[in-house]
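What follows is a single chain, given as structure tokens, in the form predicted alone.
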Amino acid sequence: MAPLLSLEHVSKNFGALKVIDDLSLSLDAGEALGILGPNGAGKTTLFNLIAGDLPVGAGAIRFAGEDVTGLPAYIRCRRGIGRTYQIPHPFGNMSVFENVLAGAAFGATRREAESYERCIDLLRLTNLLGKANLPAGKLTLLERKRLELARALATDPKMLLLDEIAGGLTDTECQLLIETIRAVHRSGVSIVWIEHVVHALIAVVGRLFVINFGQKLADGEPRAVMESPQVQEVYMGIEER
């Protein structure tokens, strides 16, 4: 069976700076994959290429058996690629419910009544149902991250790209978020997760892919990858002796 997502020798330059360098990557349907790398490794650029927020410089991106390399972001979203952003930017003057409804209305192809039911389900999943009528601008950081997740899920993704969604949370808040993401994964959504909070990542994903200077450094079972001398030196600054 073909992978759900495949990147084939993808590169991206910003002027003379090569941010993604001949990178190949695949994700099977139902898989949860973690992306690690030091700051500046190209992780968010990688997400922007997959989601269609940036054009690739070279190579191809295939999703669900289709070449999506030249498709704009909104079409990729409707094909099943959902994403969150590192810094949540909800529509602050709209209610929490209206924010999620916007994702359902423009990212999915549901009828209006179905959209309402789906949004209620997602607010319940993300523990935001009690905040449904509150302006999104009044939410706490954890609640904004939950709203970011709910809004992405409202687009009915086959694959969800999570960009440092645990960043800035307390340990208790992080654990609550982990349980929500586990529930999302159990529902059948494939996950690709960039995260610096490694214990949160390992609690969910079955595989880690590490990049450095836009190139693959390691790929495999999470604990084995984290014990790799190369990964420890590049990611954690621990030199091999």
Partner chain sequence: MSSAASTPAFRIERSTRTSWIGLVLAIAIVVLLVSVPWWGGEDDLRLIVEICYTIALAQLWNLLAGYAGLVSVGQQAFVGLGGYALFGLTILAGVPPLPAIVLAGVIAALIAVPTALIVFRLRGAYFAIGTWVIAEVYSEVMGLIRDLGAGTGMSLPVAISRHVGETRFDREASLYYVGLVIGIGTVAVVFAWLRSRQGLALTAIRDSETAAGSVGINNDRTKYAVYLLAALVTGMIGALIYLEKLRISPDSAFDVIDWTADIIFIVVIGGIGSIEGPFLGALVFFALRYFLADYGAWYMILLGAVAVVIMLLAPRGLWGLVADRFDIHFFPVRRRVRLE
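Remember, predicted model here, so these are calculated numbers, not experimental data. Positions refer to the first chain, counted from 1. Definition used throughout: the rigid core is the maximal C-alpha set that superposes within 1.5 Å between two forms.
The protein also exists as the form predicted in complex with its partner chain; that form is not presented, and the subsequent description refers to it.
**Student:** Report whether the minimum heavy atom distance between residue 110 and its partner chain in the predicted complex is within 4.5 Å.
**Tutor:** Yes, residue 110 lies within 4.5 Å of its partner chain in the predicted complex.
**Student:** Does at least one non-hydrogen atom of residue 90 fall within 4.5 angstroms of its partner chain in the predicted complex?
**Tutor:** Close contact exists here: in the predicted complex, residue 90 approaches its partner chain to within 4.5 Å, heavy atoms only.
**Student:** Is residue 103 a contact residue for its partner chain in the predicted complex, using a 4.5 Å heavy atom cut-off?
**Tutor:** Yes, residue 103 is a contact residue.
**Student:** Is it the case that residue 95, even though its partner is missing from this view, gets within 4.5 Å of its partner chain in the predicted complex, heavy atoms only?
**Tutor:** Heavy-atom contact with its partner chain at 4.5 Å: present for residue 95.
**Student:** Given a 4.5 Å cut-off on heavy atoms, tell me which of 202-210, 38-46, 66-74, 22-30 is the interface stretch with its partner chain in the predicted complex.
**Tutor:** Contact-bearing stretch, as computed: 66-74.
**Student:** Check, residue by residue, if 83, 117 and 155 all come within 4.5 Å of its partner chain in the predicted complex, counting heavy atoms only.
**Tutor:** Yes, the whole candidate spot contacts its partner chain.
**Student:** Under the 4.5 Å heavy atom criterion, name the residues of 123-148 that approach its partner chain in the predicted complex, in sequence order.
**Tutor:** Read in sequence order, the residues that approach its partner chain (within 4.5 Å, in the predicted complex) are 124, 125, 129, 132, 133.
**Student:** Taking the rigid core as reference, does the Cα of residue 115 move 2 Å or more between the shown form and the other one?
**Tutor:** Not so; residue 115 is displaced by less than 2 Å.
**Student:** Comparing between the shown form and the other one on the rigid core: C-alpha of residue 94 shifted by 2 Å or more?
**Tutor:** Where the cores coincide, residue 94 still shows a C-alpha shift between the shown form and the other one that is 2 Å or more.
**Student:** Does residue 128 shift between the shown form and the other one by 2 angstroms or more at the C-alpha, the core having been superposed?
**Tutor:** Yes, the C-alpha position differs by at least 2 Å between the shown form and the other one.
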